[in-house]
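Only one chain is given next, in structure tokens, and it is the form predicted alone.
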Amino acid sequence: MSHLITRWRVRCQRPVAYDIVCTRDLFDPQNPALLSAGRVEGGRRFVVVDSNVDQHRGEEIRAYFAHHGITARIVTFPGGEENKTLRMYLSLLGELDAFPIHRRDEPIIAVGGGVLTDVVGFVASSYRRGVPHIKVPTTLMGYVDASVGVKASINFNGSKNRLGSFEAPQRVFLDKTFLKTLPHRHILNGVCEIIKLAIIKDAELFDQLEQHGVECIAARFQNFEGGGILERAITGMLEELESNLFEENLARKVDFGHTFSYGLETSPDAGLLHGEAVLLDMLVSCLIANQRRLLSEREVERIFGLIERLGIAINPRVLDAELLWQSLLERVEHRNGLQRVPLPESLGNCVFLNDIRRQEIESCIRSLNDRVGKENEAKLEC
């Protein structure tokens, strides 16, 4: 007896294209860039603004939409990893549903840091099975990392970014004048992501940070050299993301610093920003690379020297071998059964390891504590 099986195969290709646009004074009424996507006459916009940005630029933002005759619903969002939650996601969905927008020509606008753009991106991906959205990053972290890709997510069940989707923005507007009012700690938080790219991918970027990093931080990247560093960092990030937007390949250079940091970020006792956790992860990873003879002692010294020169405090006291080991095990599940840990093989080059042992992590935590002097740790008390 034969068993006949009827089968249909559905094939579809959905093109993904979005623009990342550098501009200045985005909310100047004479700057039409923000409204270049979507209808203007009689148009509406649902706008989510970071509460700190609202304090500095709220009047300017409201005046912009009023000037162009746009009916805007401005919703403020309290930034920070602690608000990247299902509750905040549902709250924004409720606000959006009470302010109806067209499904295709009235894009949601997200104005804030990486947490905000992640949550709003997830809202946009799920509301009516997908509505367009625009990102306006206002932090250095968002500028060079969180806003330029297509991932959108929230934390869930004690795990970082456990719920989410891939949702390409319609556009991303990069206006570095927003960086002028950033607290110093948040500037350094974003610098950590630039250091990530420099170590794992771009030795020339590392050289530029050594030469100009201090002045760029002091100028909040408003200077000429700062603009060059930002452009190079974003270009490098996009080179890695564009060919693998949906993470079909799970061995990703840009995951450098994102293996052990997941446990650190979700630890309530650590109190770390994303970039600070990534930096500690990178340093542990660099020391593993050094022990494996992938990274020379001279290169390790340059990395630690750059961090010290840029005034970034390192707090190895929050490192716990069990926490980092459990984070690595969780990443194995995320990376489909292999560690796939990116490590530098000399500055600017990358290899992936699948055999890191807990003993190596313990050894490198001890080594990190030995390398970080009391003078550096004293910065943490400031």
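Each residue number is its position in the shown sequence, starting from 1. Remember, predicted model here, so these are calculated numbers, not experimental data.
The same protein has a further form, the form predicted in complex with a further copy of the same chain, not shown here; the description that follows concerns it.
Proximity to a further copy of the same chain in the predicted bound form, taken as heavy atoms within 4.5 Å, picks out 96-104 from the listed stretches 96-104, 269-277, 133-141, 295-303. The listed set K180, H184, R162, R309 contains one residue whose heavy atoms approach a further copy of the same chain in the predicted bound form to within 4.5 Å, identified as R162. Note on contacts: among N290, T76, N83, S153, the single residue with a heavy atom within 4.5 Å of a further copy of the same chain in the predicted bound form is S153. In the predicted bound form, none of the heavy atoms of D25 sits within 4.5 Å of a heavy atom of a further copy of the same chain.
In the predicted bound form, a further copy of the same chain sits beyond 4.5 Å of every heavy atom of A72. Heavy atoms of E333 reach within 4.5 Å of a further copy of the same chain in the predicted bound form, making it an interface residue. Proximity of R220 to a further copy of the same chain in the predicted bound form falls outside the 4.5 Å heavy atom cutoff.
For a residue to qualify, one of its non-hydrogen atoms must sit within 4.5 Å of a further copy of the same chain in the predicted bound form; all three of F166, L174 and I234 qualify. Along 274-288, not one residue places a heavy atom within 4.5 Å of a further copy of the same chain in the predicted bound form.
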